[in-house]
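Presented as structure tokens, the chain that follows is alone, the form predicted alone.
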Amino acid sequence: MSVRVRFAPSPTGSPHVGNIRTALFNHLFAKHHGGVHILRIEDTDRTRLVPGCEEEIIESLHYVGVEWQEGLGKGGPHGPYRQSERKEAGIYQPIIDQLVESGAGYYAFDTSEELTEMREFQRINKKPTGYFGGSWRDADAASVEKARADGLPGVLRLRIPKNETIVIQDGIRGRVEIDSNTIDDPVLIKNDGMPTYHFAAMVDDHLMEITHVFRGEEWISSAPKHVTLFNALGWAAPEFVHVPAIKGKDGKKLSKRHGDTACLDFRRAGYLQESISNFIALIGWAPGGDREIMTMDEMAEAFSMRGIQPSAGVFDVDKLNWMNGSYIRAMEPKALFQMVRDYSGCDENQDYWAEKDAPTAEAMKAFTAAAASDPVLAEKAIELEQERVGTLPEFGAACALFFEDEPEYDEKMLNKWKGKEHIPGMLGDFIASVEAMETVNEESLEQMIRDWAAANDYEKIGPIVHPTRLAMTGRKVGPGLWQLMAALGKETIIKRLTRGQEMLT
């Protein structure tokens, strides 16, 4: 049997890291086995639908590079691929009828007050919480028919067998056995006629010939209900793969206090597609060996359920920043310049940073303006800062020194070098040398500095390079000094060295 998997989100909120990791695992597993990945929308909870969420799901999948071969936007032989449309098409009704006729499903007409009273009784008496039959599980047919004829709001529940062992085959944990007496009877069809996840997802998985179901470990407790439904209908259950939770470095469940969790926020924050997919896939999955930087094809080739760990994966933003920086440094400078330019000029990204960190937003706007007025210098600035930057918005502040008329001096560095006897004469000599140059380039500027050091008996050039860098940039660290000076050009070099003389004397 060929592998068929599905990503089946509910459009009730922005896709977060956990959702997207499940989609990635589906994509990698299908790609590894030459199988089919299906995108299905589970929208039966009509009260919680969020307008635009379906589009955000698709955009998030495109952002991380997840592909699907069948389903929403692609079509296929098992459509429609929205559960609300499948319900309207009557796909579920014959299966509902089968469950009722076989006795595996039963109607229950408990009121909300009765259900609340039942749960309170269970709580007070320290009994398992849930619906374990009530007065309707074994009600006679006449009572059920009368309730329906009277128009009482009712639900269809699954009859969980008593005194049995329910067996689940989990792709990570292996064989799992559960006492059926601990499992309550779940609602399959709500009183508004809409199916629940317990019903629609399992029925669709069967009809769409799904072989493996990747989902969060929070669904382990529901797996016995799902296996029971498959058994009641005489269907073979797919293999369930309950992937571990994702936690922050503090060991607590991932939430907004750990930073961004919505998938598209990472795009707004300046993380590359390759790094975010690489990073998320490695949360709770190990490819073997010490590999970390991997392309999508490389991850697909290595992917297996054996590599998924049963314990929670850790969301480490420091590792994400390192990984993103690695991808940035591997890019061609021209392509990176265009990417940074597009990113910084995007209103959505600027709005994101205006809310989170106003100086970053301002630096991005300044870079956008500078790139428009002097694209050659802006591209060179990107190239020289490429080795030190971890995310796209950081280029705004990193490149600012290339375009400032008078860079702000680092106070600690200024105090360290101000008043040193050799500096005024040294900078004066550099100004004269640069003025005499027909053209400036890296080689001539490096030679100028090294020649001055040799002529003035400096074995080490630190006392020359550091104050010169301060004069040129106002900073302690940055790109190679002669590369930086060559990029700025003759006029700017002279202007900044002259100001340096004044500031450091």
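Keep in mind it's a predicted model, so treat the numbers as computed, not measured. Sequential numbering from 1, following the sequence displayed.
One more form of this protein, predicted together with the RNA, exists but is not displayed; see below.
Given the stretches 123 to 131, 267 to 275, 94 to 102, 402 to 410, which is the single one in contact with the RNA in the model of the complex, using a heavy atom cutoff of 4.5 Å?
Every other range fails; the passing one is 123 to 131.
Quick one: is H32 in contact with the RNA in the model of the complex, heavy atoms, 4.5 Å cut-off?
Output for H32 is no: heavy atoms all beyond 4.5 Å of the RNA.
Might T261 be said to contact the RNA in the model of the complex, defining contact as any heavy atom within 4.5 Å?
Output for T261 is no: heavy atoms all beyond 4.5 Å of the RNA.
With a 4.5 Å heavy atom cut-off, would you call H37 a contact of the RNA in the model of the complex?
Because no heavy atom of H37 falls inside 4.5 Å of the RNA in the model of the complex, the answer is no.
Would R450 count as a contact of the RNA in the model of the complex, using a 4.5 angstroms cut-off between non-hydrogen atoms?
R450: contacts the RNA in the model of the complex.
Name the residue from N191, N231, T165, S143 that puts a heavy atom within 4.5 Å of the RNA in the model of the complex.
Only one listed residue qualifies here, and that residue is N191.
Which residue, E421, E332, D318, D150, is the contact with the RNA in the model of the complex, using a 4.5 Å heavy atom cutoff?
In short, D318.
Which residues from 293 to 314 come close to the RNA in the model of the complex, meaning a heavy atom within 4.5 Å?
Counting only heavy atoms within 4.5 Å of the RNA in the model of the complex, the contacting residues of 293 to 314 are R306, G307, Q309, P310, S311, A312, G313, V314.
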